[in-house]
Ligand SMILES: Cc1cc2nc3c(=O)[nH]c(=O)nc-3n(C[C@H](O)[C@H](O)[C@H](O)COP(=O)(O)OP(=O)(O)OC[C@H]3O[C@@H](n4cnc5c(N)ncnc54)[C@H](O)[C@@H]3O)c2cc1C
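This document starts with one chain, in the form predicted alone, laid out as C-alpha cells.
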C-alpha cells in the first residue's frame, strides 16, 4: 500500500481525520475547519447524518427521516451549528410552547412549557397540567424541586428514574404519564432502566428552567434538506475533504504507539490526529487488539444499546391537528407532522417508538399494526381515514442505554493514546444520548 498525503500547500496546518459523519463528526469538522485545520471526514454510509439521516422512498415520493427528532431551545450547540450552516430558519419553534398529550379516549390536554416565565414559569405551568390530579401535582412539585437542587449524584449509588420517583409516591402511569413520557423521550428508555443523572442534566437545562430553553422546535423539512446537504456543502466549501461511502478499516499506529492515520480498503491516509465519532463498539473494532484489552477501552464493551422504531404513514385525509403530540401510555410514544399543513391539519405523519422491542420479539409489520391501532384510538379523525402508504423502520442500536452508573464508563474526548480522540452522544457530556450531546462532544474533541 502506498501512503496518501494531503496536499495543503501550507506545511504547518494540522491534518485531522474524523471517522463518522453524524452530528458529533459534523460538529468536530465544523469547529476544526474554523480554526484552520486541514480536515478529512470519512462516512461509511452513502450520506451524512449518522442515526439522524434521511432516505428517499419512491412509494411516498418524498424523503423520510430515520427517527424524527425534536429540538429544545437548550440545544445551544446544535442550534449554533444550524446557524453556521445557514439553515436556522428551517427549524420552527412556533408551536413549541405547548405539548399536546392525547389519551386513549381521544381527550387532548395541553402541557404548557412556561417559555415566557423562566424557571418560575416552567414550574407554575407544570403545576397547571390538567393531566395530573391535585395530589400528583404536589408530588411532581417535590420531584422537580429535588431535581433542581441535586448537586452531585454518586454513580456508584445512582438510582433509576423509577426508584427516584417512587420516593415521592409516583409510579409508572401516574401524573398523566408525564414522567414516563419525558423519560422515554429524553433517555430512549423507560423509567425502570434509565439512570437518574443524565435525565436531571437535561431537565435542568431545558424543561425545568423554562424560558427559551424549554421550547420545542421541529425541522420544517426532512433531515436531508434541513441540515445534511447544507452541512456537507458548508464543509466542502471550507476545504473539508468529505469522503462518503468510504469505510475506515483500522488505525495506523507508529512505533511509539502514536496515531499516525487510518487505513481504508485500498489506501492509507496519514494525519496528525484522529477523531473517532462513531459508536463505542465500532471504536473497539478499529483499535489494535492489545488496546482493545486495555482497561480504558475495554469498558466500552459495557455499553448496552436500545432500539428506536419509526413508522411513516400517509393517510387520504388530515388526521393530526397539531404539529406534534405525545401519546402517553400507548405503544407509540410520539406522532409528528410531515410536510405542509393542509386545511384541517396533516395527512402525513411520522411516529416514534423509543426502546422498541427487538427483531426476535416483534416484526416490523407488527409494529406498523400496533402504531395504526394507537392512532385510531388517539386521533379521532383517523377512524375515517384510509392508509395510502405506510413504512416502518427500526434502528437496533439507536442509542446507548444510560443505566445507573453509566458515568463510570462514559469517556471524555481525549484518550490515553496520543493523537486519538473520541466523540459521540455516548461520551461524557452530562446529557443523555441526544443530538445536543453528540454536538457538544464533537466540539469538545475539536478543542
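None of these values were measured; they are calculated from a predicted model. Numbering follows the first chain given and starts at 1.
If you look for the form predicted together with this ligand, you will not find it shown, but the lines that follow are about it.
The partner is absent here; in the predicted bound form, the one residue of 175, 122, 269, 248 having a heavy atom within 4.5 Å of this ligand is 248. Of the candidates 202, 181, 231, 308, 308 is the one whose heavy atoms come within 4.5 Å of this ligand in the predicted bound form; the others do not. Taken together, the three residues 398, 434 and 438 all lie with some non-hydrogen atom within 4.5 angstroms of this ligand in the predicted bound form.
Contact with this ligand in the predicted bound form, defined as any heavy atom within 4.5 Å, is confined among 413-421, 41-49, 28-36, 383-391 to 41-49. Although the partner is absent here, residue 404 sits far enough away that none of its heavy atoms falls within 4.5 Å of this ligand in the predicted bound form. Within this chain, residue 82 is remote from the site of this ligand in the predicted bound form, having no heavy atom within 4.5 Å. In the predicted bound form, this ligand lies within 4.5 Å of some heavy atom of residue 286. Looking at residue 252, you'd find every heavy atom of it more than 4.5 angstroms from this ligand in the predicted bound form. In the predicted bound form, this ligand lies within 4.5 angstroms of at least one heavy atom of each of the following residues of 259-295: 277, 278, 279, 282, 286, in sequence order.
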